[in-house]
Structures are given as C-alpha cells and as structure tokens.
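Only one chain is included here, represented as structure tokens and corresponding to the form predicted alone.
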C-alpha cells in the first residue's frame, strides 16, 4: 500500500482462510479463560465501544479509577492472562524485526457499529518495538495520522487476514477505526471484527 507514513507496513491477506479460522479458534480458547469485558475511560468511566480481553504475560486494561495500564491479571476474574498463541508469536518473529518477544496481545471485538477514536499506543516503556495488528472478520476503515493530534490523516480499508505494522517513525502515529463494514466477511458466525494487537511493553533489556 503506497501513501502510508514511513514505518507503517501493510501486509494484505497475510493469513489465508484456514489460518484465519485457526486464529479465531485460538481466540475463542483465550476468551474462555479470560472473558471479554467492556473497558471504561479514565476519570469519566464512559464505556468504550469495544469488548476486549488479552493474552500474554501482561494485558492492557483501563477503568475510571486507575486509567490506562498493563497488568498480569484479568480485571474481573483476577486470573493470569492465557499465553499468546504460537501463530501470533510466529507472526511477531516474521514481521516485527525486534529482538525480544511480545508481552501482550490485545483482543478487541468490534460489533457492527463499533469504532475507535484516534489515539496513540504510548502506555508501553519500549517504543523501539513495533505494534503488530491482525484483522479478522468484517472489513474496517482504519485511519492513520501523524505523531501529533490534529494533523492530516489518511484511511485504509483493512480486510480479514490483513496485518499492519506500526514501527520506527510511525510507532507513535495516531490511529483509529472509523467504521465497520457489516457483512463483508463470513469468518465470524455472528459477524463483527476481531483485532489482535501484539505489543512489547517493557524494555527489551528487562
């Protein structure tokens, strides 16, 4: 895909249909152990549009009282997050070009009307590691800006099986999901979109 900021790489159709189905089953296994929950915004407690879970040694969470953070346990069950599935660890090896493994994989489920406002992924200590994102299910309109809020943006339609990497100069680019295109995929029985986001949280030297 041309026209993307330096440091952003789009891999269309990286996962074929059987691989996508295997990832969905892996996600289902994670969610059985770490159920989806609705995160809430700091200070206001306003619920976000997505339901989410995590896998890995750390998981990203947010709530009214304690804000954005990573922690090793599910906020509702108190249990440790399940491990990251091997196929996603292999994806990191293939596309991240980073010498340490991911510690967190965010699982976000988008319904037909869900969206995600422009934001930066900056709750990590390690910004030299990229963010690696996998799309499963219905298409979405993914918006990418620069490293400062309010600058020009561009959009890309992500389809099931696509992978996008934000690294280098683009690691702190603002990005978000403007809309879901319902009915564009048959991967998920009841529709919607799953986004899997691999992140290295702590310094690689730790």
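This one's a predicted model, so the numbers in the text were calculated from it and none came from an experiment. Positions refer to the first chain, counted from 1.
Although it is not shown, the form predicted in complex with succinic acid (SIN) is what the next lines describe.
The three marked residues, 37, 74 and 198, fail to reach succinic acid (SIN) in the model of the complex, with no heavy atom of any inside 4.5 Å. Of the heavy atoms in residue 114, none are within 4.5 Å of succinic acid (SIN) in the model of the complex.
Among heavy atoms of residue 79, none comes within 4.5 Å of succinic acid (SIN) in the model of the complex. Succinic acid (SIN) in the model of the complex is not approached by residue 126, whose heavy atoms all lie more than 4.5 angstroms from it.
For residue 106, a non-hydrogen atom is located within 4.5 Å of succinic acid (SIN) in the model of the complex, even though that partner is not displayed. Residue heavy atoms within 4.5 Å of succinic acid (SIN) in the model of the complex occur in exactly one stretch of 146-154, 169-177, 26-34, 66-74, and that stretch is 169-177. Residues of 105-135 lying near succinic acid (SIN) in the model of the complex, listed in sequence order, are 106, 108, 110, 116, 119, 121, 133, the criterion being any heavy atom within 4.5 Å.
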